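Read the single chain below, which is given as structure tokens and is the form predicted on its own.
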Amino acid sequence: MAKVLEGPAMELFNKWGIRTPRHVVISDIHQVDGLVQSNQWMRECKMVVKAHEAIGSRMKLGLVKVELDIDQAVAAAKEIMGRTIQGLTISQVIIAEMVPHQEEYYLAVKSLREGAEVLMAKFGGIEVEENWEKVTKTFVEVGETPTDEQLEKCAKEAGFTGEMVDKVRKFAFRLFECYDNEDGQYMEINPLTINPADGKLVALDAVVLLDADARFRHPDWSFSFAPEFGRAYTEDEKQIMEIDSRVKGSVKFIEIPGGEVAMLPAGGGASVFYSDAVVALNGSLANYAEYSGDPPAWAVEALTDKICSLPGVKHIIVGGAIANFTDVKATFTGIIAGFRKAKEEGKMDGVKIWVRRGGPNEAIGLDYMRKLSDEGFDIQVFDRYTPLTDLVKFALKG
């Protein structure tokens, strides 16, 4: 699950006929004057300026400025850009049309194990959390779409009457279409309101969580996902994310500064298991990583290169359970190529490598790993009969 920032989330809504305020996202303060010149609406209405980052309680932190004219909006953007909040430096702001309104509503679609849930409320903002028991819900099974009758009933139960029932029903159906077709995990509009200029519903905010692994199905996803760890992604992390978006299988990489134990596990389960084992033995992790789903050797080589480039690493654990279909020989070929490249660049001095793996072609793959010792690598290799936790004990305790 990955979060999409407000600007691209609104663009995703617009794609499916969900109206949002006019807006621009600024990543360079020098863009402001040019955007003002090319967007006539910015000179015709009041605006809202917000930090365009994955930070909660932006209003309380002074990262939201409302009811601004053009000069005030430019000043607010310059004030917010570059500020450091909760360890995160604000690198973007969103300037949006301010839509005056009297009432606020709530609408969301949430993924469940058995399908999805459409949620509605005739109130919005912070009132949703305070009155959660009054939010109405309707369930949609996997592979199905909500019926008009189903959404109409949910809207009436939420307290909507008259023509608002039909407006909310249609808007909810569009939101579900967006969710269903864009591999959504959760989509929320809070607040949803009526634009007094034309009497139509408009989404004033957008919370969108998508299945990041589905990017290959969406060539129009030109946006980056929001950082998940309270900081911007590093260039190395972005490079692995880009590779992950275009290969079969998966490669993941997150840096953890200051750690001495680098992880190169096969699969998300192994990643968590080995990480827990390292922490349990008072080891310090240098990264989170995984390769799974039988990715190509070149992608695994690129991941290995990033891991070998982490500063201060003393151990690299290459581990996994017994694979069902991931070719151990093929993926190990990529890892070995990455190790050799790192050694040529002087990155493997004083680094010990620990390997444990099973699966298709494991004997050949493990033998390839063992032969690295003939090339000067400090490496220990174990097969499927060595418990996963023992590998971590060997590395940290000897």
Partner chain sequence: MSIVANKDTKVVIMGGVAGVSAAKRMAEFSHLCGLEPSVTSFVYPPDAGKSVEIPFGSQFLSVPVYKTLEEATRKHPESNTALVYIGANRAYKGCMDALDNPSIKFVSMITEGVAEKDAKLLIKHSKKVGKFLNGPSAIGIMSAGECRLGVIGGEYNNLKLSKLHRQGSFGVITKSGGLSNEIMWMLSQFADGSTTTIGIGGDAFPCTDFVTFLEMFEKDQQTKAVVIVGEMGGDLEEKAAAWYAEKPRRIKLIGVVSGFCQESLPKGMKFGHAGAKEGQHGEGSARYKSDIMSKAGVIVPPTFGDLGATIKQVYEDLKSTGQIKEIDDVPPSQLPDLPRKVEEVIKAGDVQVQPLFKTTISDDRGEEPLYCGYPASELINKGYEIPHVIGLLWNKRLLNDKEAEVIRRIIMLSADHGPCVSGALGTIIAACAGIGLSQSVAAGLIMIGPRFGGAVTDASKYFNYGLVNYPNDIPGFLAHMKKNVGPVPGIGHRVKSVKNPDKRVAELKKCVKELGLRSPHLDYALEVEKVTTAKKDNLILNVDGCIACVLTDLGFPADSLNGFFILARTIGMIGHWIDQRREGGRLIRLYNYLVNFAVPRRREVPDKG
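So that the term is clear: the rigid core is the largest set of C-alpha atoms that superpose within 1.5 Å between two forms. Residue numbers count along the first chain shown, from 1. Keep in mind that this is a model prediction, so the values were computed, not measured.
Another form, the form predicted in complex with its partner chain, is not on view; read the next lines as being about it.
Enquirer: With the cut-off set at 4.5 Å between non-hydrogen atoms, does residue 200 touch its partner chain in the model of the complex?
Expert: Residue 200: no contact with its partner chain in the model of the complex.
Enquirer: Answer with yes or no whether residue 296 is in contact with its partner chain in the model of the complex, where contact means some heavy atom within 4.5 Å.
Expert: Outside the cut-off, so no.
Enquirer: With a 4.5 Å heavy atom cut-off, would you call residue 246 a contact of its partner chain in the model of the complex?
Expert: Output for residue 246 is no: heavy atoms all beyond 4.5 Å of its partner chain.
Enquirer: Contact between residue 323 and its partner chain in the model of the complex at 4.5 Å, heavy atoms?
Expert: Flag for residue 323 set to yes.
Enquirer: Choose from 44-52, 65-73, 332-340, 356-364 the stretch whose residues reach within 4.5 Å of its partner chain in the model of the complex, heavy atoms counted.
Expert: Flagged stretch: 356-364.
Enquirer: Only one of 194, 85, 135, 285 has a non-hydrogen atom within 4.5 angstroms of its partner chain in the model of the complex; which is it?
Expert: Here the answer is residue option 285.
Enquirer: Select from the listed residues 111, 224, 91, 147 the one whose heavy atoms reach within 4.5 Å of its partner chain in the model of the complex.
Expert: Of 111, 224, 91, 147, the residue with a heavy atom within 4.5 Å of its partner chain in the model of the complex is 111.
Enquirer: Suppose contact means a heavy atom within 4.5 Å; in the model of the complex, does that hold for all of 25, 39 and 100 with its partner chain?
Expert: The answer is no: none of the three residues contacts the partner (heavy atom, 4.5 Å cut-off).
Enquirer: Give, in sequence order, every residue of 372-398 that has a heavy atom within 4.5 Å of its partner chain in the model of the complex, or say none if there are no such residues.
Expert: Those in contact are 384, 385, 388, 389.
Enquirer: Once both forms sit on the same rigid core, is the C-alpha displacement of residue 282 at or above 2 Å between this form and the one not shown?
Expert: Shift at residue 282: 2 Å or more after core fit.
Enquirer: Tell me, please, whether between this form and the one not shown the C-alpha of residue 52 is shifted by 2 Å or more, with the rigid core used for superposition.
Expert: It does not reach a 2 Å shift.
Enquirer: Using the core for the fit, does the CA position of residue 253 change by 2 Å or more between this form and the one not shown?
Expert: Yes, residue 253 moves 2 Å or more.
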